[in-house]
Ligand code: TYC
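Shown below, as structure tokens, is a lone chain in the form predicted alone; questions about how it binds or moves come after it.
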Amino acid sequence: MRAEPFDQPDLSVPLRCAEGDDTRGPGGDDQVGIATKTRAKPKKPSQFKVLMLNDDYTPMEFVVMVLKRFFHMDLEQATRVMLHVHQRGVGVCGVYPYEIAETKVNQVMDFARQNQHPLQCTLEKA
């Protein structure tokens, strides 16, 4: 069995639209072009450090609980960060995009206030 060749379209002739569609350019002449789509590369969001500040009144156990609860640290890591804050006066709890960092700061501050502790938390650009 012999296969018949397919009719190949003549690519040298511009395609015309159906009757009533105007494909002519400003001068009335036919224009052929290629549609291109540029893709902008998304910029990574700025990162912010969530910082915990030391005070002389908030119990160490409460700080460990906050680090576990809001920053998803295990007991060992939370204890290490708590001791760093205690000894150095400030420590990094995590690095996040601005909206997440701001939410974490607000959650920690609200939780500390609800439990009558003066624990302070803030953020700075990483």
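Numbers for residues come from their place in the sequence shown, where the first is 1. This is a predicted model, so every value here is computed, not measured.
Beyond what is shown, the protein has a form predicted together with the named molecule; the following relates to that form.
*Asks:* Is Pro97 part of the interface with the named molecule in the predicted bound form - any heavy atom within 4.5 Å?
*Replies:* It does not: once the named molecule is placed as it appears in the predicted bound form, Pro97 has no heavy atom within 4.5 Å of it.
*Asks:* Does at least one non-hydrogen atom of Leu119 fall within 4.5 angstroms of the named molecule in the predicted bound form?
*Replies:* Yes.
*Asks:* Taking heavy atoms and a 4.5 Å cut-off, does Val92 contact the named molecule in the predicted bound form?
*Replies:* No, Val92 stays farther than 4.5 Å from the named molecule in the predicted bound form.
*Asks:* Quick one: does Pro59 come within 4.5 Å of the named molecule in the predicted bound form, counting heavy atoms only?
*Replies:* Yes, Pro59 is a contact residue.
*Asks:* Can you tell me which of 41-49, 97-105, 68-76, 81-89 lies within 4.5 Å of the named molecule in the predicted bound form, counting heavy atoms only?
*Replies:* Among the listed stretches, the partner-contacting one is 81-89.
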